[in-house]
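Only one chain is included here, represented as structure tokens and corresponding to the form predicted on its own.
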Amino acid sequence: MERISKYQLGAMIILFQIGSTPLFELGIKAKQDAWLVVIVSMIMGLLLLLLFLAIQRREPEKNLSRLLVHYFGPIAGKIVIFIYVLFFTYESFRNVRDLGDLTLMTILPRSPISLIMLILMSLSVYAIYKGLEVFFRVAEFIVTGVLVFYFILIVMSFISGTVHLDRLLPILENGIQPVLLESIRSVWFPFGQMFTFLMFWSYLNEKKAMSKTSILSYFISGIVILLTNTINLVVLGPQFSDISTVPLLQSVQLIQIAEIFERFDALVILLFYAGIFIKSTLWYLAAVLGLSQLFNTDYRRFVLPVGVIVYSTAFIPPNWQSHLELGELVGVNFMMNPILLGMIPAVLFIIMLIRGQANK
């Protein structure tokens, strides 16, 4: 069985959580209080993370697929596993499309999006074929660079004088209700997506370090998300963050120091690429693992079939706006995120507690 270290787990959590999140302005409907939305969402997400960790600690050697079969029964468990495989595949295609549209909007506007997404899919297929342990090692290798570069961008924003902290005022102008409502919507992306690690925590070779590593990495990524979200507010203002296609990219374009340090666009896009590659591939790997355990065979057999589905479905939205609207429709209106990331894990944990008491 493949194994991962606590450092590889921590690196993967940081990169997965950051992922494509800086592409968007979280909680912007709360206007200048969007930074408060991120904080409240992070706290709510921590409660979900504690639930996920509690589930894993009770069965440290079983991942999500085996847990569902064991506690929901072979029939219901396999049905739920298949639903999660579809969910993981859907999330992977969303990230693949994120990268395609980002590239067209920024550095390669005339390139075919099919080729851009094919390159990403090829890298993901190769990474998964090399094995889970190798892929987690990639995250360990690049996480330091990603964090350092985000730190540089934030510091440069302050040095360049583009930051106006008064744009965060007045705090709670419309009361606490808009912040709470937006926090409930924002908790599922990205913080509730820590659920995915129920597919991977069982591979950790130091089980005692699981909770500490996961929570610490969760907060590191949360702080990066909070800072990038806030930078957009204080540089662009809430009204521009709301209408900007890629707010962080627009914020960074305003950096100019002594007419020497400027045009950090390429660095931002590189950071986006790193995050999207890790996130899309981890969703992809989770789907493949789920299928392999559903059919009790080697996961590499499903790499190409699932890859074809991910790549094909990435063409469904005709444009960037439709892509965003699809995510809103499926994730919020169809209640996919609350059900799959909240309700089912809660039911699973309750069943584990009941059966645990019955066996005493």
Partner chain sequence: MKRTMNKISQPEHTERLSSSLRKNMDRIKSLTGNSSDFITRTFQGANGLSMAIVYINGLTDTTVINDNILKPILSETEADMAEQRTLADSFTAIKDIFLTVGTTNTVNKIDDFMSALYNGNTVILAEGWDLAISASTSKWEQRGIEEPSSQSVIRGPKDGFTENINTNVALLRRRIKSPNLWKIDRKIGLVTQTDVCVMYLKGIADDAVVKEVLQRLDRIETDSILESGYLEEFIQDQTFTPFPTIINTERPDSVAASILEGQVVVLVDGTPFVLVLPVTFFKFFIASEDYYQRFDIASFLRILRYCAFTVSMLLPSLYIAITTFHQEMIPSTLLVSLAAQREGIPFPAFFEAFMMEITFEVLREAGIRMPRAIGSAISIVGALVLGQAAVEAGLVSAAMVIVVAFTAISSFVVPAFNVAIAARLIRFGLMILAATLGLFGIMSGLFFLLIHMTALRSFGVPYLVPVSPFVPKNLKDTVIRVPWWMMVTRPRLFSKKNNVRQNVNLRPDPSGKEEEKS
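Residue numbers count along the first chain shown, from 1. All figures in this text were calculated on a predicted structure; none of them were measured in a lab.
The next section is about a form of this same protein that is not shown, the form predicted together with the partner chain.
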| query | Would you say all of 97, 226 and 254 touch the partner chain in the predicted complex, counting a heavy atom within 4.5 Å as a touch? | reply | no
From 85, 156, 127, 198: within 4.5 Å of the partner chain in the predicted complex by heavy atoms is 127
None of 111, 245, 239, 174 but one has a heavy atom within 4.5 Å of the partner chain in the predicted complex; the exception is 111
Here the chain appears without its partner; judged in the predicted complex, the stretch of 70-78, 165-173, 216-224, 272-280 with heavy atoms within 4.5 Å of the partner chain is 272-280
Discussion item. Check residue 206 for me: does it contact the partner chain in the predicted complex (non-hydrogen atoms, 4.5 angstroms)?
Written reply: no
Answer with yes or no whether residue 116 is in contact with the partner chain in the predicted complex, where contact means some heavy atom within 4.5 Å.
yes
| field | 4.5 angstroms heavy atom contact with the partner chain in the predicted complex for residue 141 | value | yes
Worksheet entry | Touches the partner chain in the predicted complex: residue 181 (any heavy atom, 4.5 Å) | no
